[in-house]
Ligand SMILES: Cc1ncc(COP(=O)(O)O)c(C=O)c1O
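Just one chain is shown here, as structure tokens, and it is the form predicted on its own.
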């Protein structure tokens, strides 16, 4: 064996040891107890050495760092719109890292480019695009930025060469949309003041009548409507904007229609939930994060475009030292914001290979069932109140007599669970997300037991009432 093989063999051994140690730690400590940054710096010795270490020493140092990193893969993690660990996706991610291909050309990416094209084709057709275009990005924020870039270039074709001129462009988005829409407007020079927040209905969905009223007001004021950002699965309530009705408005006023389905796009995988994305086929572009509900390793997002060629029209540049052959389709760098780009498609491909269409549908159905189970626990508890009926995979609720911020912090501090809070109707509430592939109904029942016990200790209300047993159904 040569030294390179020996090194790879040692890397595999160290990786396996660290991963298995982590798995044991997750069973023993489902939540890593938080420590303040100064304590961690002293404990871990993160300084960079003058003299290099051998791989065994690096592995020991790395293992210690891992032990003090928050876990997102145990059944007690309900904090974000991702969670768990899918073995097949981890396999693909590990192999992609070892191969170390950059995904800008077929010359360097080879078969990996074909994998990406197949995934774009399948995901694009799932949202209703007959001949989809698209590319993988480092996350939903970059996918949404790409969509806004396409909308800008459609409205002002000269801006790529000459910069901005003419009336101010306007972007319309739900009052419940993701903050990256504002960020993208700043990056692209559209300006945050030109992002119009459209009111939502009682379920958190954008109101089409309010959108049309905002467009008409802007036209009267001399602005130029450019784009609608509809949301499929809002971050807090999981609400889906009414895409068909919004598409009618977009067609009437010639707006680019983008659907931010970073969270909710995966609903198309389950026949019983696919109706939530009804109308997505009428959009110009769709964002879909596979690292959220589907369970691919972070990060794994796609921007899907209904009309082929638009991404390259906005993003292709002359680089003879790089693009030296093959078609635009086979050179993903011609339609990406990035030049060097890691292979994020392989981990999704291995996940899809392992689960298949049927397995992915069952995964979505299980999450929905778990969501309804959690919602029923809230309904049956005298000290808990549902803020809204769950639209997708979020359960938002209030806990009597205790602040959501304090409760969530205490759950983590005690090593019981990681759950987040959010604002609904200007009040902080607990936001429980049910997208963790490792979590079960028993984990959910245990979570509510922890919530009510901790709340009873924190609350000024009568402890005897708050400490009633969590319903078993």
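Positions refer to the first chain, counted from 1. Note that the coordinates shown come from a computational prediction; the quantities given were computed from them, not determined experimentally.
This protein has a second form, the form predicted together with the ligand, left out of what is shown; the following refers to that one.
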Output flag, 125, 267 and 273 jointly within 4.5 Å of the ligand in the predicted bound form, heavy atom basis: no
Quick one: of 75, 139, 208, 390, which gets a non-hydrogen atom within 4.5 angstroms of the ligand in the predicted bound form? 139
Exactly one residue in 335, 291, 341, 156 has a non-hydrogen atom within 4.5 Å of the ligand in the predicted bound form; which is it? 291
Among 313-321, 242-250, 128-136, 225-233, the region lying within 4.5 Å of the ligand in the predicted bound form by heavy atom distance: 225-233
4.5 angstroms heavy atom contact with the ligand in the predicted bound form for residue 150: no
According to a 4.5 angstroms non-hydrogen atom cut-off, is residue 363 in contact with the ligand in the predicted bound form? no
Report yes if any heavy atom of residue 215 sits within 4.5 Å of a heavy atom of the ligand in the predicted bound form; otherwise report no. no
Is there a heavy atom of residue 85 lying 4.5 Å or less from a heavy atom of the ligand in the predicted bound form? no
Within 66-81, the residues having any heavy atom within 4.5 Å of the ligand in the predicted bound form are 81
